[in-house]
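As C-alpha cells, one chain now follows by itself in the form predicted alone.
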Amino acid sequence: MRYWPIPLLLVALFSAQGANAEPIGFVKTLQGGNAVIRALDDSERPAAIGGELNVGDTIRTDRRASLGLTLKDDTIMSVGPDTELTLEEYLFEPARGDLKLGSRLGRGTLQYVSGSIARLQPDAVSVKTPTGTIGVRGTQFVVRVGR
C-alpha cells in the first residue's frame, strides 16, 4: 500500500478543484483599449465579452478601457480605465446559507450594484482597497483608488 504525504495530497485536491471550478460570472461589456484577466496560475488572457470569471481572477484595464461584469448572484461591477480588480472570494449557495463576495481594488474605479448576496447577507460582501475595506450596506456605490 502506498501512502501519500499529506501536503502533496492537499495540493492535488486543491488543483483538481481549481481545474474544474465553475465560473462565478462573465464579462458583459468591454469598451476601448485593452483589458486582461490574470488567473491564479499567473496566465493571462485578453478579456472578451462572454469570457468566464473565476475566483482569484484579476481584471486589468488600460487607460482607455472599461469593462462590465455580472456575477452569478446578479452582482454588477463596472471597472473603469486604468483599474486592477481581483475577485478574491465568492460563495453563492443560498439554500445552505453560504454567501461571500470579497474583492480587492488595487487601483482605478469601480461601480458596484448589489446582487443577491448583499441583499440576503450584507456583511458577507466587502471590497478591500489599499487604505481600507468597504462593507456593503446599500445597493450601489462608486469607489476610486488613486496611485
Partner chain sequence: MNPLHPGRPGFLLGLVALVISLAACAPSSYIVLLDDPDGRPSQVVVTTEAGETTLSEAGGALALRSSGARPTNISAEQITRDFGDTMAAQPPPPRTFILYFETGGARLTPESEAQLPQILATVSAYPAPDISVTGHTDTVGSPTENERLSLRRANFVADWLEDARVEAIDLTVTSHGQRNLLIPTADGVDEPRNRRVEVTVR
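Numbering follows the first chain given and starts at 1. The structure presented is a predicted model; accordingly, all values stated were derived computationally and were not measured.
Just so it is clear, the following notes concern the form predicted together with its partner chain, a form of the same protein that is not shown.
A.B. asks: Heavy atoms within 4.5 Å of its partner chain in the predicted bound form: does Q31 have any?
C.D. replies: Because a heavy atom of Q31 falls inside 4.5 Å of its partner chain in the predicted bound form, the answer is yes.
A.B. asks: Is there a heavy atom of P46 no more than 4.5 Å from a heavy atom of its partner chain in the predicted bound form?
C.D. replies: So P46 does not count as contacting its partner chain.
A.B. asks: Would you check, heavy atoms only and a 4.5 Å threshold, whether D123 touches its partner chain in the predicted bound form?
C.D. replies: Flag for D123 set to no.
A.B. asks: Does G102 make contact with its partner chain in the predicted bound form, using a 4.5 Å heavy atom cut-off?
C.D. replies: Close contact is absent here: in the predicted bound form, G102 is far from its partner chain, nothing within 4.5 Å, heavy atoms only.
A.B. asks: Scan 115-134 and write down, in order along the chain, each residue with a heavy atom lying within 4.5 Å of its partner chain in the predicted bound form.
C.D. replies: Counting only heavy atoms within 4.5 Å of its partner chain in the predicted bound form, the contacting residues of 115-134 are T129, T131, G132, T133, I134.
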